[in-house]
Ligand SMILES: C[S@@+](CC[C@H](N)C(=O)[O-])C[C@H]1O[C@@H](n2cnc3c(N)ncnc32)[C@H](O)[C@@H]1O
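First, one chain by itself: the form predicted alone, in structure tokens.
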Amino acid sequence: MSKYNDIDIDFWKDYSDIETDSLWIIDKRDNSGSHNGDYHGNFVPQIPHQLFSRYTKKGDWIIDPFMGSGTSLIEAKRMGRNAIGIELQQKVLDTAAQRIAAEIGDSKMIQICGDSSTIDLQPTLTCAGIEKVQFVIFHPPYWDIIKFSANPNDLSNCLTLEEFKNSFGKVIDNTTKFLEKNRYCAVVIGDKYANSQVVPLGFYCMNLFLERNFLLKGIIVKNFGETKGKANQQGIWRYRALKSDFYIFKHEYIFIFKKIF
């Protein structure tokens, strides 16, 4: 068995459902159990499922600093992992907590309302009887593409790219300090288009981890389906792209990092 997952490599052929390629084509969102795609800006459950399968064991602890509708925690619970989710908005947290509680499983699920860049997680870890966690999954706002709240500490309200990078960097520092050495974390992020040019937000975020001496272990490109903001508008977006000089975003990134310090 691996030190960081439950895969028995002697039976590697039995794990055909676990992705090992860097291109993920996910045709349909998993809406089984408590999963629900109605929250604006959430990600498909298949992403945390794949990441938890590859980089965690049953009983491990996971932190999600941008819990949102609770997708990561729901998936962790059904997979036998424990998790701590942090959400800035109390109303969003309350809805997520109901969904997480409704999911089958007896793992420990902790939801905290607060700012992931400043919240003190030490009392939570102490109460849970742990010193470190084994995985951190980040799915931050894609800067200001979607405004999630009026809270000035919300990353979607950052006025400049530098402010976004600095704010996200504080979240990284405040959460990965509890990540066990030689364990993994991942960030799910897409790019944005502004002022007639592509803003490579994904690679800016990637560099934030590299600047902090994380090892880059994988760059995954995942197909990006129709969003709520562009629902039933594929034709008009194709028209705009052909009329102008841009391409329609159909992908997002999943960067995998290993903590070696």
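Residues carry their position along the shown sequence, with the first being 1. Note that the structure is a prediction, hence the values are computed from the model and not measured.
Form predicted in complex with the ligand: not shown, discussed below.
Under a 4.5 angstroms non-hydrogen atom cutoff, the ligand in the model of the complex lacks Phe52 among its neighbouring residues.
In the model of the complex, the ligand lies within 4.5 Å of some heavy atom of Gln89.
Proximity of Thr56 to the ligand in the model of the complex: non-hydrogen atoms within 4.5 Å are absent; the residue sits far from the partner.
By the criterion of a heavy atom within 4.5 Å, Trp61 is excluded from the residues contacting the ligand in the model of the complex. The stretch from 110 to 118, 75 to 83, 175 to 183, 123 to 131 that comes within 4.5 Å of the ligand in the model of the complex, counting heavy atoms only, is 110 to 118. In summary, among the residues Ile145, Ala97, Leu155, Val187, the only one with a non-hydrogen atom within 4.5 Å of the ligand in the model of the complex is Leu155. For the stretch 125 to 153, the set of residues having any non-hydrogen atom within 4.5 angstroms of the ligand in the model of the complex comprises His139, Pro140, Pro141, Phe148, Asn153, in sequence order.
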